[in-house]
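Taking the form predicted alone, here's one chain by itself in structure tokens.
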């Protein structure tokens, strides 16, 4: 059961203290208190864990501190959709809305290789009206001898260039809890010219201690990629780890499933799960066409496979696109063969616009 308190209610107020005293005397029920920062107000949610079936909704609503009560009807307690649940499906960060109704594009470098590549990429994004990007500083690799990313050494110039070119949010993978402090420290040292969305990669989807650490901080939103060798249910429970620790600003990423059935693509494209995740949870859904396809092959119609796959996700209602570009893919240190070229950026953005328009027409047709 979830108790949603009245807006901006103080935890020191008499109304809250009365509710708290009642909760402390409930048998076989624990409770957790989380503050949810919205665009204009802070909401407090209390999660009751345990034998809550005997609790009457009207009884809990009778407390003056309580605005609404949600009976948990699905397995994903915090991020799931529940009956009579009017909570929103997203959040606002750095002035940008991320929800199940919006679409944001994060085109950029899978791995930062040089200040020159970063500046060229961000300049191209500004010229094409984009305010989000992806920049990999920490890169988990299959081989211990492969390039692992520049780590904290590249953060200052990445953040400074983001400020110079008006980039508001950078999606950046972290593989250890220490990376959160390094990112926060570099942002502080550079005057916080941009924002960061922490990314949990597919290899770390079930790294539960990392999930807890990322979930405990509530400044940075999180993009959680689906685990490449586990079920959708297992990956959604990984998202619950983040939310159960307090961070509700979670986007769920589909990046393809690891199986030879998907050959010749790098992974089996799983973008049919976009509407499934939106039905089961309140999370916005991201698609990663670059890591799904893994190449820059074109179909007989002269359209890149990456663009065809992106279209599948967008027309199914995706809310975010994470896609690899590079000024010179031939010299990229990570995933160069799948990176699109900067001259292809306008075409990619226009193709996304066409597909989003088609999705909106489908929405209107269904209403």
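Numbering follows the first chain given and starts at 1. All figures in this text were calculated on a predicted structure; none of them were measured in a lab.
What comes next is about the form predicted in complex with a small molecule, which is not displayed.
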Partner proximity in the predicted complex: residue 248 to the small molecule, non-hydrogen atom cutoff 4.5 Å: no
Proximity of residue 306 to the small molecule in the predicted complex, heavy atoms at 4.5 Å: no
Distance check, residue 293 to the small molecule in the predicted complex, heavy atom within 4.5 Å: no
4.5 angstroms heavy atom contact with the small molecule in the predicted complex for residue 133: no
Partner-facing stretch of 77-85, 184-192, 198-206, 151-159, counted where any non-hydrogen atom is within 4.5 angstroms of the small molecule in the predicted complex: 198-206
Residue among 237, 265, 139, 278 with a heavy atom within 4.5 Å of the small molecule in the predicted complex: 139
Contacting member of 110, 286, 214, 167, with respect to the small molecule in the predicted complex [4.5 Å, heavy atom]: 110
